[in-house]
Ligand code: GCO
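Take a look at this single chain in structure tokens; it is the form predicted alone.
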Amino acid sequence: MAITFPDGFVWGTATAAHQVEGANWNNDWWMWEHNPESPCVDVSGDACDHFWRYPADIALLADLGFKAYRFSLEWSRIEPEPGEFSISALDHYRRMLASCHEHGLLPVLTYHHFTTPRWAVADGGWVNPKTAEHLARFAEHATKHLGDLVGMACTINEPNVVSLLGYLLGTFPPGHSDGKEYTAANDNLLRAHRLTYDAIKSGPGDFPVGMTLSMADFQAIDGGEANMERARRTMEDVFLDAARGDDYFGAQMYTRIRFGPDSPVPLANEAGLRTTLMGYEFWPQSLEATVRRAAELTGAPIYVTENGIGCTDDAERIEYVTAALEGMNRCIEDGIDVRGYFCWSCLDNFEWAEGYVPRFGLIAVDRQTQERTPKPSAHWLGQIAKTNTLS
């Protein structure tokens, strides 16, 4: 049986600057991965050298059949010191946008994807309300230089991950575990989204703007309903509420989280549970569950701006994405306005604290030579993008 998606449905793949560009030394993540007390298993180093190799990478995506490419600006390159903007760096990203247009790809630009300049971190990072204003100033300046070439824009990628992992669980920079700081970071990131949205909308250009959010299929077991609702409120719902009225909402999902009366249920308690290289459960059903919830709470058109799996067996990737797309189709059949799907990721890249072990890429990258090799999943999903049909 073949599933045909709506006319104009956007098929893409995605990267983040720090994960693929290489040599982004002026941000908090470079500092964190070089801190011997951090949990990082690798340093990013040259990453995928995408800063220089983007023309060939974008051409390869087009050849494979994709219609869109989501990538991010590296704030610390463009504004290396407060109020000091690099025209050279902005011109680099302008060339990337132009390359997308040249190859028939819709350029989807993320303004903040996890990394924050060292100077902003030294001034308190996301517990300082001024950081929201700094990001909006950066977005306004960048949009003036790039806006006429942007196809879609994301204000902040997964702000809930920045706050939760950075200020409560301590696995992302700055590595803190402080409930008050977590609350402050959440509040400041919410304000940053609103300010940055308005800054981008000030033009030039006329394109959809929204945020992206890390979502999970939250499930309660053994009387865990109240615990689940508390966690979901701070981890997701405050951000979903803030997205009401935006041009679109970017839903990003990989797995489920189950809650008992006191805490999430550890995977170690489950004999024979199928897990991924990231250590979480193989659960493609998360796409359908989270898209339904995002649509209900935001009232906005939905793009799946990230979804995929870190694995060494590429057949497992095809299995996972197939099940996820089937769930997405059920949402569309039920009248939910889902407009696009972006597979994470374009390239095997630096997966933050997990380093280069998880392989999310549709395209393999040789760590020594930087040679690119499309995996079978890249050709498979590219064919879906060409035909707008899942067989």
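Being a predicted model, the structure only gives us computed values, none of them experimental. Residue positions are given as counts along the sequence shown, with the first one as 1.
There is another form of this protein, the form predicted together with D-gluconic acid, and it is not shown here; the text below is about that form.
- Residues with any non-hydrogen atom within 4.5 angstroms of D-gluconic acid in the model of the complex fall in just one of 283-291, 72-80, 142-150, 110-118: 110-118.
- Taking the partner from the other structure, D-gluconic acid in the model of the complex has no heavy atom within 4.5 Å of any heavy atom of Ser377.
- When contacts are judged by a 4.5 Å heavy atom cut-off, Gln252 counts as touching D-gluconic acid in the model of the complex.
- Put simply, Glu351 is close to D-gluconic acid in the model of the complex: some heavy atom of it is within 4.5 Å.
- Although the partner is absent here, Phe360 lies within 4.5 Å of D-gluconic acid in the model of the complex, judged by heavy atoms.
- Between the options Trp344, Tyr54, Trp29, Tyr341, the residue in contact with D-gluconic acid in the model of the complex by a heavy atom within 4.5 angstroms is Trp344.
- Only one of the listed residues (Met278, Leu106, Leu164, Ala89) places a non-hydrogen atom within 4.5 angstroms of D-gluconic acid in the model of the complex, and that residue is Met278.
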